[in-house]
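For reference, the chain that follows is the form predicted on its own, supplied as structure tokens.
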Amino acid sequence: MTLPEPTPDISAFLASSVHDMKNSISILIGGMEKILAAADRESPEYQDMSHMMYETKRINGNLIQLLTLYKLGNHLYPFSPEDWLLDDFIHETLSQQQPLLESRGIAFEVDCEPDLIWPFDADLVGGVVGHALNNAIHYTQNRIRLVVRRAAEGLELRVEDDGRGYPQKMLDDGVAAMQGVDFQGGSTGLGLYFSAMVARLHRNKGKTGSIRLENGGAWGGGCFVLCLP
């Protein structure tokens, strides 16, 4: 009697492929940043290269989110909240976005309470803030603001822009818009799903982290808000 061949774990192959693609795209981004830094800002090629870098960073962010979700789902991710000085965290997170912000001529402001320390997983929260910034870069007219402050729910990180804001349906759907793919609207929902999961992983004194979407803020555009207990 011939035994059937074992079914391969396709998800492991997918995760491995995603990891490989992520590494290759990170090398591409590094090369693009060097080209942009040396390019003539007035040339038409500069804007084309800037747009290519935005799209490449967006793909890289999606791959990182997919790989992280795979690890979380298979209990492979070493979730490790540590005390972070928010000034240091912001500096590190923004260093990855600065070339793209500069290439697009976007004014950026940070409003952070001095010497603020909070426990969180910096890699996960950095991924959430990076996704929110990349989204704001796409929709802003020319200004983005990152606000970090203590609030009633805990630590609040707000990414605000001066764009048209979120569609009313997205605001009305609230949590439902963060549950997965919206085939009708054409959104993968990956970024919001990832952000909501990261928020829920952070717990402290019986409270759980959360995210929400608003319109308004300092400049009347879209506001992505992450709250950590």
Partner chain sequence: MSLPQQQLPADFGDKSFLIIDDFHGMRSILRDILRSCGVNPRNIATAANGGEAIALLEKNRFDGVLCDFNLGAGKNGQQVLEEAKFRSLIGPGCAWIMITAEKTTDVVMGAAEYQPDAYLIKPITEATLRLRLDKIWSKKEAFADIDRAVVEQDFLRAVKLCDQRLATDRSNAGELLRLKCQLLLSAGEHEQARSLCSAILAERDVPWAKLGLARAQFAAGELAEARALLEALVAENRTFLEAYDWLVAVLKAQDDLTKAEEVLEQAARLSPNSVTRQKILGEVALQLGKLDNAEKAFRKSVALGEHSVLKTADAYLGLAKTCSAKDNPNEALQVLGTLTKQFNDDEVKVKALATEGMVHHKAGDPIAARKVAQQLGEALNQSGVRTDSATTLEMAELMLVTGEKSQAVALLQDEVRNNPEDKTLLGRVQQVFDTASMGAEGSALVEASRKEALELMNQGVLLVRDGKFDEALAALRTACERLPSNVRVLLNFAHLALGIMQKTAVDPALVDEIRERLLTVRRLAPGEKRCAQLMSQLDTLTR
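Positions refer to the first chain, counted from 1. No experiment lies behind these values; they were computed from the predicted model shown.
The protein also exists as the form predicted together with its partner chain; that form is not presented, and the subsequent description refers to it.
Student: Though only this chain appears here, would R143 touch its partner chain in the model of the complex if you measure heavy atom gaps against 4.5 Å?
Tutor: No, R143 sits far enough from its partner chain in the model of the complex that none of its heavy atoms falls within 4.5 Å.
Student: How about S26 - does it come within 4.5 Å of its partner chain in the model of the complex, if we only consider non-hydrogen atoms?
Tutor: S26 belongs to the contact set for its partner chain.
Student: Contact between N135 and its partner chain in the model of the complex at 4.5 Å, heavy atoms?
Tutor: Outside the cut-off, so no.
Student: Tell me, yes or no, whether K22 is in contact with its partner chain in the model of the complex, where a contact means a heavy atom of each within 4.5 Å.
Tutor: Yes - in the model of the complex, heavy atoms of K22 and its partner chain come within 4.5 Å of each other.
Student: Could you spot which one of M170, M197, L67, M49 gets a heavy atom to within 4.5 Å of its partner chain in the model of the complex?
Tutor: Here the answer is residue option L67.
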